[in-house]
Each structure stands twice: as structure tokens, then as C-alpha cells.
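In the block that follows, a single chain appears as C-alpha cells, in the form predicted on its own.
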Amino acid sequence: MQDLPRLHADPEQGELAAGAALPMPPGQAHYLGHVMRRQAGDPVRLFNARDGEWRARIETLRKDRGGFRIEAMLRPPAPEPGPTLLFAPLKRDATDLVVRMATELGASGLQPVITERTNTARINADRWRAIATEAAEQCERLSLPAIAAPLHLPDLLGGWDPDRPLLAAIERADAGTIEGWRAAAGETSPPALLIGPEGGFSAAELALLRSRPGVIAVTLGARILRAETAALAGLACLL
């Protein structure tokens, strides 16, 4: 079963239910036919957060279209709570890495944050969604992380619920670790993790962060990490 192609089925395509027919998007038709060399009659796995994971069969397959026939449930839908990652967008390859690895590490949401030193404000949500989908297919999760519209840091903090922990990774900060926060907090709803841009937060931004209720400064250790490394290290600590 593990060697079967595993594909995310957008709920808008239809419901995953025994006996149901589901249209195949052009991208999946190309992938199955030209990359995986599958053909009509071959089995696949389809999944989404709403319906769970199902065994299906390729019913038709042409160059850019096809269809599935749903057969049997493999995994029921189940909650997949995880932290939200808030980060300043980086150069394209670094951002792609963060999106992919954050999905694999169980982030439930991705929030781009525009700071004074953010290198780019360009957000390609469709590209992020495609990368997250591929990562979810590979790592066996059922859900995709929600991708939010970018917010400037002051606007984000101004609307933040003070009852929800926001862990801000601040380099060289005299602060506790994520592990220490977890031990003290005990059972709590998944927090959010804020990672700054290359070059770090400005002095004004640091003062703003320290003034906001709900924001908890944390350190990721003695080393100065690249922004993408910090995001992945912080998420790993939260697992």
C-alpha cells in the first residue's frame, strides 16, 4: 500500500466516498500518466482533511484529464493540530524550503509577516499551496496548512489574541527556550512561532514585541541561525 501514488483530493472536486466518481485534475493526470507511468485500472490513494484517506482506482486516464473511482476508506479524518508558523518571506528557494519543511513538521498554518528588514514582500500563494500539497502527499498527513495573506508586523500584533501564546524567536535574547516554555505551560493549544527576517528584527520591532501581551521571547540557542534554519529548528522544538 505504501508504494501507491498518494494524491491530495481537493474537497471541491467532490466527496471521497465508496463508489463515488471523482474527476482528475490535469496536473494529476500528467503526473500519473507521464511521471509514474500509471494507466487505467491502477490503484492510488486519495486524501483530504474532510474525508480522510481512501483507496481509489484510476478509471480513465488521458493526456490531461482522467477520473478516479473511490473504493474503500484507509484512514478516517482526524484532527491534526499543530503550531502556526509566522515568518518573514525570504528569497524564493529559501521560502520554498520553509513551506515544504513546515508542512512536513506539522504546521497548521503559514502566516507571512512583513518586517522592516524583509527581503521581499512578493507572496505567491499558489506556489506555496502547490509546495505544501506535494509535502503533505509525501509525509502522510491528511491536512494542508492554511496559507494566510501577508501582514505587516504592527498590524499582526495589533490584532493578536493575547490569550494565544506567540513565541518570538529573538537571537541573543536573555530568554528561555521553547522546551522550557513547553514544560512550564503544560497542556495548551498549539502556539504560534514567529521567526524574523535575515538580519533580525529592528530595535523598534523588538521594543514592540516586548510590549505586547501574549508575546513570549524565546531563544533557539547560542548560535546565530539563518532565517530558514531558525524556522525549522523552532518547529522541531515544538513537536
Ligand code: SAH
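All of these numbers come straight from a predicted model, not from anything done at the bench. The first residue of the sequence shown is number 1, and the count goes up from there.
Beyond the structure shown, there is the form predicted in complex with the ligand, which is absent from this document and is the topic of what follows.
- request: Name the stretch: of 200 to 208, 26 to 34, 41 to 49, 57 to 65, exactly one has residues whose heavy atoms fall within 4.5 Å of the ligand in the predicted bound form.
  value: In short, 200 to 208.
message: Quick check on Ile170: any heavy atom within 4.5 Å of the ligand in the predicted bound form?
response: Heavy-atom contact with the ligand at 4.5 Å: present for Ile170.
- request: Indicate whether Ala192 is a 4.5 Å heavy atom neighbour of the ligand in the predicted bound form.
  value: Taking the distances in the predicted bound form, the answer for Ala192 is no, it never comes within 4.5 Å of the ligand.
query: Though only this chain appears here, would Thr219 touch the ligand in the predicted bound form if you measure heavy atom gaps against 4.5 Å?
result: Contact check for Thr219: yes, within 4.5 Å of the ligand in the predicted bound form.
query: Given that the partner is absent here, does Ile224 sit within 4.5 Å of the ligand in the predicted bound form, heavy atoms only?
result: Result yes; Ile224 sits at the interface with the ligand in the predicted bound form.
- prompt: Does any residue in 68 to 83 get within 4.5 Å of the ligand in the predicted bound form, counting heavy atoms only, and if so which ones?
  reply: Counting only heavy atoms within 4.5 Å of the ligand in the predicted bound form, no residue of 68 to 83 makes contact.
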